[in-house]
Structures are given as structure tokens and as C-alpha cells.
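One chain is shown next in C-alpha cells, namely the form predicted alone.
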Amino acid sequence: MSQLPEMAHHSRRTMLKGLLATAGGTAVMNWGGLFRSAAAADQVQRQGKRCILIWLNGGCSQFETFDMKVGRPTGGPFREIGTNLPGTKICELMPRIAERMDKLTVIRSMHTSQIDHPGGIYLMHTGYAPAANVRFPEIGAIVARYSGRPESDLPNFIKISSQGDAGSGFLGPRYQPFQLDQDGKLPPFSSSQLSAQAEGLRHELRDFLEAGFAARSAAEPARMHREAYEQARRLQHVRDVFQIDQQWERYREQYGDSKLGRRCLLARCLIEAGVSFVEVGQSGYDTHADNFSGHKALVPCMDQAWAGLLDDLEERGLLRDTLVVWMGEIGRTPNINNRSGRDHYVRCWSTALAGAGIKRGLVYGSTDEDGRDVRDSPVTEADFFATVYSALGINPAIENYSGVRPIPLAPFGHRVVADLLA
């Protein structure tokens, strides 16, 4: 198998001169990414920006949150309420966020391409539609690569009860998410049943054997195996970061006595401890039936957890360097079906941002009177991810390589929505 000269990775015009291929002509997956600019990652790491993603699995309805159509056939039964942003109203199910709209940028004009759940989940975690021959990395893996601290004992990418499954893609196992269960508990493999002495002896033996193998072979999987073991051992020094029972008693009322509230508190603790990216999930928004009772059950606890998180971050001086992203994979239809439900919809729907690099107190874009189409300022998935990366100080045009294929962080043709950036 031939290898590309290093300089060939820095020019598309010379890219094909050293085509990496198997005997059958298939491009080889380039684990590790062959990053175009390590200096870019170093610069972002010095900035220390972090990200929390509140993931609303199933697709939260824009009509029951940020883009109500009261009095129209598509409107639904809920009232709208005023906010602390003059002239802006949102759903009555979100009174706490209404009081904090001056912290947010709400995008009412999302226009995306994947209408089913698997495709939408993949799209809104990676910025890319699923492809047969490429596994794109999630936003969390990208942030871990460019904003993470390689020397940290904590993982740089953590998921708490989330449904995204793209993982680190072609960036390789180093940036794979560390998964916590719905209660935020560490997985069983994170602790040893052996005494410290026995565990130390086992590690010394394993290290001796693997060092000998590494001296004879430079195999990438072997190196990754050693790194995984070492990271698991380092985690033992920081297990207390995940123990939030005492803090929960103090903050339960602020975040709301719900599983999502506890997850959001844990996310704040992890960000404060230096984790680069934390995703917290809330499921149940796929309301093809009983949309209104479903949202009445889900939105209020989300409203309190999200508001509590924003307040806590700001009070601790963390919000200026922490981007909070609120989104699901799709929106819901203007039409209300015969089961009192709303189906999947991607022609226009809503997301929200707050914190690092984002303007405060902004509603961007609008939809027509029934919420069927974007009226102005559409934002595609490519635009959204380019803007998020820019807010975090990461250049969305930086390219990684999957085999010989250059892949920018945000898809080719993206635009950064400068109006959203502070």
C-alpha cells in the first residue's frame, strides 16, 4: 500500500497523486484524521471554550416552544406569554426561559434535509447526512479534538442519556464519547474490583508486555488499546467529579426535581472541572399522537432545567466561555393529525443558542403565518454547524481526511451566520 507524502495532504490539486487505496480500489479510512492544522487546535485549546448540548430526542415542536401561531389553524391550544425581550412571545409552558430570553439567540428559520429520526439525529450531531463510505464525527468529537485537553484525567467528550450514535467517526477512538446512563452514573468498567496493590501489579505486567509488543510493532490499534487503558486508569483520580448528591440537595430547586435537571447540574459540574463537551438528553418528543399532552409533560421540566443551567453558568462566570446549544433532530408539522399529534417537519423549525460567542437577546429568522415555510433568513444544517464552530473559536473550514477525501468541519458551501455572533 502506497503512502501519501505529507505535503500532498495540504493541497487538493496534488491529492490524487498519491491515492491511498486497497487492492480493490477502495479508499482506506484514515484513523486520526490527518489534521490540516495542529496549530488551530492549539489556539482553541488556549481559549478554553466549552459546549453543553441539550438534546431533545424525537424532535421538540416549535409551535409549543418558540414559534407559536396562536389563532391560526396550525396553532394548537396553548397561549403565548411575554418575555423579557420586548416584542417577543413564546409558549406558556416556558415561563422561566421567558424571563431569560435576553440570554438567548433563538433561530426560528432552521431548514434541514433529513426528515426521519436516524437521518436527523445523525445530521444534527455531525452536520452531514449519512453516507455509505464515510463515518462523520459528531460535534462533541470535533470540540474534544480542537478544544479538549489531551492531558486531562477526565474524558473530553461525555454523553448523559443521549441518543446520538455517530461517535468520533474518522477521528478515531481517542475522541469517542464517554457514555453515562440516564442517572449520570459511571459505567461498571470505570471501577476496579481489585485492591489498589493488585491493580497496580496488573498494570505493571500489562505495561511491560505491551511495551515489548510496541517495540516490535507500530500497529495503530495496539497504540489505541494502550491509550484506552491509560485513560481508564486516570479516570480513577477524578471519580468524585461525577458524585453530585450533595450539590443536588443544594440545587434541586433551581434545576427542578427531574432527571433532566440532575443531568444539567452534572453537565455544569463537568464543564467546570474542564470537560470540553457534554451532551444531556431528554427523550419523548416524537409526538405523532397526543402532541399537546406530551409537550405539557416534557417542556416544563426542560424549561426549569435549562433556565437553572443558564443561571448557574452565569453566576459562576462560565457562560461567557460555555456555549449552550438547545435542539433536537427535527421539528413538528404545522398540520395537527387525527390523533392530536404533529408529525416530522424540517422545512422550518427552531433551535436556540446561548453563551460563548453568541449574541444575547436575538430572535433570528421568521416563518410564514402558519409556520409552513421560512419567510426570511433560512439556516441550513451546514450554516448552523459553521456558526456553532465559529462561536467556539474553531474554523469551520478546517479539513480532516477520510482516506484521501478532504472533509471540512462544516460541509462545503456553508456560511457562518455572522448576525448570530457577538
Partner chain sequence: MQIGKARQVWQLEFAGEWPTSVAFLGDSRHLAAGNRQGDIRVWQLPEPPVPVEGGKSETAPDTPPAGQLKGHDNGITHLLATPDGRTLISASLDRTVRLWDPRADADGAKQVLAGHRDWVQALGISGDGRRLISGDDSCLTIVWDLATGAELTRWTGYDRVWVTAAALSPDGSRAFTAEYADGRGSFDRPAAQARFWNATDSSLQQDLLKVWLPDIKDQDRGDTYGYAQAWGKLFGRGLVCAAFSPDGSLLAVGQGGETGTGKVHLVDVASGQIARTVSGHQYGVCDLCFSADGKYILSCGRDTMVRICQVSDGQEVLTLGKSRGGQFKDWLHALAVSPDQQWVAAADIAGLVHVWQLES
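In this text, all values refer to a predicted model and were calculated from it rather than measured experimentally. Numbering follows the first chain given and starts at 1.
Absent from the display: the form predicted together with the partner chain. The rest refers to it.
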Could you work out which of Arg216, Arg250, Arg339, Arg320 is the residue within 4.5 angstroms of the partner chain in the predicted bound form, going by heavy atoms?
Arg339
Sole residue of Glu92, Asp153, Asp311, Glu99 within 4.5 Å of the partner chain in the predicted bound form, by heavy atom
Glu92
Since the chain is shown here on its own, which stretch among 139-147, 321-329, 299-307, 117-125 would lie within 4.5 Å of the partner chain in the predicted bound form, judged by heavy atoms?
299-307
Indicate whether the partner chain has at least one heavy atom within 4.5 Å of a heavy atom of Pro73 in the predicted bound form.
yes
Residue-level question: is Gly294 within 4.5 Å of the partner chain in the predicted bound form, judged on heavy atoms?
yes
Should Ser258 be counted as a contact of the partner chain in the predicted bound form, where contact means heavy atoms within 4.5 Å?
yes
Against the partner chain in the predicted bound form, would Pro77 count as a contact residue? Criterion: heavy atoms within 4.5 Å.
yes
Within 4.5 Å of the partner chain in the predicted bound form, counting any non-hydrogen atom, which residues from 355-370 show up?
none
